[in-house]
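Let's start with one chain on its own, the form predicted alone, as C-alpha cells.
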C-alpha cells in the first residue's frame, strides 16, 4: 500500500472503514496502481478478500504485492485471499460439463444475461465461517475491472445489478467493503460504459479518479488524482467533498503533491 495515499484518505489498516463502496476510475491513464494499493491495504488490515481479477494473472499481482510488503501466495494459502483469475477461468468454462456451475458461466451462453453465478461465488466465498478458522476483520470484494464485463457482452444494467446485490450481501449484511475499477473512455461514444460509470458513481461512498495530464506525457508528473467523498443518502449539496492532487509513480511507492508543486518544478 502507499502511505501517502492513506494519509490523503485519512485511513490506516488499523481503522479501516466498513460498509463502503469505493469506485476506482481511470481516464487516459492506467489506474491499476490504485487496485494494488487497496489489495495490499486490506490484506494488511486482516480482512478476508475475494479478488475477481479479469485483467492480469495471479503472478502479476503477486509480484507487485511483494513490492508493497504483502505475499498473495501466503494469503491465499491461509484462506485470507480467494483469487478468481479470469484469464484462466475463462478457458475452464468451455471445458467443464454443462451442468457444472462456474462463476463466469455467462461466457458460454449465447445471450449473456446476468452475473448470478459470479454473485453466488462472491457470497459463498465471503460468508462467515463457524468452523474455527481464522477470524478476519471484515469481508472485502475487489474487482479489476468492471469495464471488461461490458467487452465480454454483458450490458451495463447487468453489471450494475451484480454490484447492487454484492452491496447488499457484502456491505450491508456483513459490514464489509467493495472496491471496483472501471475505465472512462472520455469520448462519450460508449453509451453502456457511461451508464455503468454513472450508476456506480451514484452508489459509491468514495471515488478515486486517476486522469492523464491534459498537456500530455511528463517524466516527473504521471497524472492527477481526484478524490471525491460522497454520502449517497444525503442531498448533493451536503454530501460531496473533493480534492485534487498530482502524482508520480515510483518503483515501490507513489508520491502525491498539490497541482503545480512537483519537486521537479520547484
Partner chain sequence: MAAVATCGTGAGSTGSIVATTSKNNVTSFQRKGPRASGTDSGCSRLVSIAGTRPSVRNGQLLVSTGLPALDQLLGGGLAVGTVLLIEEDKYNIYSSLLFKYFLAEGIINGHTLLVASAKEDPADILQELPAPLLDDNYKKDLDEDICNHQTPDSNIKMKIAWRYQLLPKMESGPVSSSRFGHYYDASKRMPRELIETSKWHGFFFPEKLSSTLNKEPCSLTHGYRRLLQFIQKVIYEEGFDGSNPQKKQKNILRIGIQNLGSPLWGDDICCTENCDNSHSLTKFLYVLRGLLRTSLSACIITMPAHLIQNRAIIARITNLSDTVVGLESFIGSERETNPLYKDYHGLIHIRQIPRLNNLIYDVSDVKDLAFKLKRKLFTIEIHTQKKFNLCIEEKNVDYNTS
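Positions refer to the first chain, counted from 1. In this text, all values refer to a predicted model and were calculated from it rather than measured experimentally.
Below: the form predicted together with the partner chain, not depicted.
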item: Residue 148 within 4.5 Å of the partner chain in the model of the complex, heavy atoms; value: yes
item: is_contact(residue 91, the partner chain) in the model of the complex, heavy atom dist at most 4.5 Å; value: yes
item: Heavy atom of residue 27 within 4.5 Å of the partner chain in the model of the complex; value: no
item: 4.5 Å heavy atom contact, residue 215 to the partner chain in the model of the complex; value: no
item: Within 4.5 Å of the partner chain in the model of the complex, all of 124, 175 and 224 (non-hydrogen atom); value: no
item: Heavy atom contacts to the partner chain in the model of the complex at 4.5 Å, residues of 31-51 in sequence order; value: 33, 36
